[in-house]
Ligand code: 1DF
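The form predicted on its own is given below as one chain in structure tokens.
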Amino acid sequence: MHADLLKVQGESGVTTKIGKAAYKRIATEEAWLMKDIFDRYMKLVETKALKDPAFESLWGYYGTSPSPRSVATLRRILSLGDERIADMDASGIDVQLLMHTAPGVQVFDAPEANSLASASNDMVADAIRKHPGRYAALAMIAPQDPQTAAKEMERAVKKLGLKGAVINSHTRGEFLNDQKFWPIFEAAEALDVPVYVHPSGPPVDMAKPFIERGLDGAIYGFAVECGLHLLTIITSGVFDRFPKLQVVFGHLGEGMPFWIPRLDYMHAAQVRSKRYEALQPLKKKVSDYLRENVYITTSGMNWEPAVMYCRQVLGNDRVLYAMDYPYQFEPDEVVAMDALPVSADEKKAFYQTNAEKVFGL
């Protein structure tokens, strides 16, 4: 267990005291990176072989910059051992739900991607065995080969004990609304596990105006790209085809809960107008799918007014705590979330039981 009232200094330099709680703090979007995959990222950055400016911006920074932020983040994200556990202890986190960071294996050709996904799942499962009770994880899969991805998800869940799958948003510009990817959703629904859609850099045809203005990453580009992805999943009819499927989006749903009235109104209007072939009638309103098929986490957005709003419009059982370690390692945010003006039972649900339910912890 984490020590009572330990002091820890986050990235901002603020020293915070974190105490024990009456609930288990489960952080549900915590990144890690396999060293072999990192090495391959750096070769792609060096050669520019991918011709993807957002990828080069992201990993050119974290992989080569001497800035204190990039150096500390890279060191922490490569660790599944002592430093990560110490950071968890000091910031009051009992369990991290690990997911491989963006872009995962989605930048590689399918055979290489499948092999790396399998190896990474074996590696994170080994880390869970070495640190019982402290880690759980989502499987990494290669959407560019949907049938193999579905099989790897099944192996990871049934044989390795992983809790679902993470997809780092678009795969070389392709989104999951394309029905060729739907075997992944079919497998997740059959296994009764969620798919976590995590941001990645904007696709090549979207990236230029963001990169030119320094807005391609977590500051805004991730949210635009991943919020678009969530909306395309809904409007393509994924949840009409797979009504029991559950997906998870971080960063308070990439802004989508704040657009609920406009999404409902304009989607209905566009369908009636028959303006776009891609927009066909759905069985429910956009907001219904947000409330019934989508969970959101607070990663990077642990700000009381926004968190309370999302709880109000989506339901208390649809919002889960996440820190976004190590990209946004700010233990003072734990203190802020501990102070949410909600009941003791609701606080426990926010930190613990909602996560236990959706991820089967």
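Because the structure is a prediction, the values reported are computed rather than measured. In case it trips you up, residue 1 is the first one in the sequence shown, and so on.
FYI, the form predicted together with this ligand isn't displayed, but the following is about it.
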Quiz item: Going by a heavy atom distance of 4.5 Å, is residue 324 a contact of this ligand in the predicted bound form?
Solution: yes
Quiz item: Does this ligand come within 4.5 Å of any heavy atom of residue 101 in the predicted bound form?
Solution: yes
Practice problem: Would you check, heavy atoms only and a 4.5 Å threshold, whether residue 48 touches this ligand in the predicted bound form? | Solution: no
Quiz item: Given that the partner is absent here, does residue 59 sit within 4.5 Å of this ligand in the predicted bound form, heavy atoms only?
Solution: yes
Quiz item: Which residue among 135, 239, 222, 108 has a heavy atom within 4.5 angstroms of this ligand in the predicted bound form?
Solution: 222
Exercise. May I ask you to choose, among 163, 170, 84, 251, the residue with a heavy atom within 4.5 Å of this ligand in the predicted bound form?
Key: 251
Quiz item: For the chain seen here without its partner, which of 214-222, 118-126, 240-248, 264-272 has a heavy atom within 4.5 Å of this ligand in the predicted bound form?
Solution: 214-222
Quiz item: Taking 29, 69 and 198 as the candidate spot, are all three within 4.5 angstroms of this ligand in the predicted bound form by heavy atoms?
Solution: yes
